[in-house]
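One chain is shown next in C-alpha cells, namely the form predicted on its own.
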C-alpha cells in the first residue's frame, strides 16, 4: 500500500503554478486599456491577450461616433445618415442601442444617447478653451437649448427584423460616451469567461471589470481616485464585479477661474454640480457605466433609492464639500486598513 501511494504521488506531480501577465493597449476607445491575467505560460496568456484585444477593437470601431472604417457601418455612419435613411448595422450596435435606451428609462432621462448635439457643442468649446485658455468661453445657452430640442430618444429607431438603425431627425445625433466602454468591456469579459479565463482584471480607461480572484485566491483590489488631488480616497476588493467611477476631474476646462467638466445635466444643459465623483460597483460593467452618469445628475435621495432597488449594485457619492455617502452594502467592499 505504501509503495502504491508513493507511485501515485510521484506520477501526479504538482500543478503548474499560475503566473501573472500584463498587457497595455492604447488603441481602444481613445484611452489606456490595461489587462492583468493569471495563466500557465506566456504563450497561453498572449493568445488570450490577442483575442481580448481583437474583441475590444471590434467594439471600438462599431461604437465610434467620430470616424468611419472601411467595410464597417458604425455609429458614425448612422449619424451621417440621420434623417436620410436607415443603416444596416452589426447586431452588436443594436444590442448597445437597445440597452442604452433601457438605461435612459431606468435613470428617468439622465442617460440620453440622443444628446449628441448638446455634447458636441460642449466639446467644441472645451477643446477651444484648452487650446486657448485666455479665450475660454461657455457655450451660449440658446445654442444648447436649440440642440437639446432635437435630443429626442424616440428619434433613435432600432429595427431588429431589418437589422437597421435609423435616426429619424437630421439634427439628432447619437453619443454613447456614457456607456460604450462599460458595455464593450462587459461583453469582452463574457467572451473571456467562455474561453476559459478564470482570473483576470480589465481596465478600459478606468472602467474596471474582474473575473474571479487572483491566483492566490485573494480578491482584486481597485482604487477609487481622489477627485481633489493625487492618490485614492478608498480602495475596494471585488471578485467578479465591475467598478466604474465618473468624476469632475476627468475632462474639464476652466472659464473665469471655474472648472466645467464633461458630465452634462439634461435638466440644466450645464455640467452637473451635485457631486465631484460617483462610483458604482456592479456585476455588470455596462450598468455600472450608465449609472455613474445617471446618478451624477440625480438628487442623492433619488439616486440612493434607485441603487437600493437594483440587485448586486452599490454606489459611493463624493459631494462638493468633500463628504461621502454610500449605499447600504458599499462598505462591505471597502478594504479595511
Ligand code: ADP
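Positions refer to the first chain, counted from 1. Remember, it's a predicted structure, so these values are computed and weren't measured experimentally.
One more form of this protein, predicted together with the named molecule, exists but is not displayed; see below.
Considering the named molecule in the predicted bound form, the lone stretch of 213 to 221, 88 to 96, 129 to 137, 106 to 114 in range is 106 to 114 [heavy atom distance within 4.5 Å]. Proximity of residue 145 to the named molecule in the predicted bound form falls outside the 4.5 Å heavy atom cutoff. In the predicted bound form, the named molecule sits within 4.5 Å of a heavy atom belonging to residue 262. The shortest heavy atom separation between residue 177 and the named molecule in the predicted bound form is within 4.5 Å. At a distance threshold of 4.5 angstroms between non-hydrogen atoms, residue 168 is out of contact with the named molecule in the predicted bound form.
Every residue in the set 181, 289 and 293 has a non-hydrogen atom no more than 4.5 Å from the named molecule in the predicted bound form.
Residue 250 is the only one of 159, 239, 250, 190 with a heavy atom lying within 4.5 Å of the named molecule in the predicted bound form. Listed residues 74, 173, 186, 246 were compared with the named molecule in the predicted bound form; 246 is the one with a heavy atom within 4.5 Å. Taking the named molecule as positioned in the predicted bound form, the only residue of 119 to 150 that brings a heavy atom within 4.5 Å of it is 119.
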